[in-house]
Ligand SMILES: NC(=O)c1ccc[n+]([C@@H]2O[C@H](COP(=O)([O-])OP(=O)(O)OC[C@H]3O[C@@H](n4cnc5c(N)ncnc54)[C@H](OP(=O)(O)O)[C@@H]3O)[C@@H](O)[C@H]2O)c1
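So this first bit is one chain, no partners, the form predicted on its own, shown in structure tokens.
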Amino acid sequence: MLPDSAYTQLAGMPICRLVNGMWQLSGAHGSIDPQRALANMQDYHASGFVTWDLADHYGPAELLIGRFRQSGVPDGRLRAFTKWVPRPGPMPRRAVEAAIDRSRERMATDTLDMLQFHWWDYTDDRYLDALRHMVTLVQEGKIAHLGLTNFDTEHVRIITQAGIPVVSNQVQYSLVDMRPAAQMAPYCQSQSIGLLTYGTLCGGLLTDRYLNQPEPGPAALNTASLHKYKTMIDAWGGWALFQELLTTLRSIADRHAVTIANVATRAILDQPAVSAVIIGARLGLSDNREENARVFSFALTEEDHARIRAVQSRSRDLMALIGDCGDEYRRR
């Protein structure tokens, strides 16, 4: 089981600080056997990894959570956060409620633990209509909490100033992509909004597996995650600088008897406003529970952080190059 330090409260809701990510069920990471996946979910839960991140478009993820819940989860610790990612356009209540009802049915629950909302196009401000309808659904008991996914700081501010209570924002955050530290984290701290971070291991690139390895070509980038985060590394500073980062992390990891992935995860968990890190789970294919649990066995020193910052200081400014959190996904 995980230690008490592995858990926190998000708006009064107990969650594990390492969230099991289910993007790997979306179809872009290879096939998943549902029966093996379900058995592996039971292993995760028994080990204390009780919080899950998914979406309405992550293949069978919502259905698997529903089957898992119906299989008889032995305690009340299960938390499953889904997402709704509609096409921008008119947002009447009936459309919003229909989407939430579909997720509730798939996930076999009367009340969604949290609905994380994503909106592709800021030029269409009807995202506020959708969110206002979701507030009503919270009041009616169909949703427990509202969160956001990949909203930038400006639009999180618009949403909160409109009186819409959100408890989290899911953003890309890693030792390669530190953009949330610039504006998002300070604002979220001021509003008691937690950050749920993804991409923290750069799709597996920010691990011992890639230390002292040649730059992978297109054929080796055979999952959506590897392709996505290799592109981010290229923008950040390229493979040579990335190898310097991995070497530094390996040296720090040696001092703490852990892995590069542990150090990279711990460093983001230590950032202001971060409630939890989402780590992808390739259910039924690989299982990193034992390694991931070591994140809670050590603490990084100020010297450790300073060594990491020394490498990061030679990278490009991704805020200037890409923009704020989520800007890579949208038209402005």
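The first residue of the sequence shown is number 1, and the count goes up from there. Here the structure is a predicted model, which means the values were calculated and not measured.
Another form exists, predicted together with the ligand; not displayed. Remarks below refer to it.
When the contact criterion is heavy atoms within 4.5 Å, does residue 106 count as touching the ligand in the predicted bound form?
Heavy-atom contact with the ligand at 4.5 Å: absent for residue 106.
Classify residue 209 as contacting or not contacting the ligand in the predicted bound form by the rule of any non-hydrogen atom within 4.5 angstroms, answering yes or no.
Residue 209: yes, in contact with the ligand in the predicted bound form.
Although the partner isn't part of this model, could you tell me whether residue 179 comes within 4.5 Å of the ligand in the predicted bound form, counting any heavy atom of the residue?
No - in the predicted bound form, heavy atoms of residue 179 and the ligand never come within 4.5 Å of each other.
Can you work out whether residue 114 and the ligand are in contact in the predicted bound form, taking contact to mean some heavy atom pair no more than 4.5 Å apart?
Answer no; every heavy atom of residue 114 is more than 4.5 Å from the ligand in the predicted bound form.
Exactly one stretch in 220-228, 92-100, 236-244, 129-137 has heavy atoms within 4.5 Å of the ligand in the predicted bound form; which is it?
It is the stretch 220-228.
Taking the ligand in the predicted bound form as the reference, which of 249, 193, 156, 201 has a non-hydrogen atom within 4.5 Å?
Contact residue from the list: 201.
Using a 4.5 Å cut-off on heavy atoms, what residues in 242-281 are near the ligand in the predicted bound form?
261, 278, 279, 280 sit within 4.5 Å of the partner.
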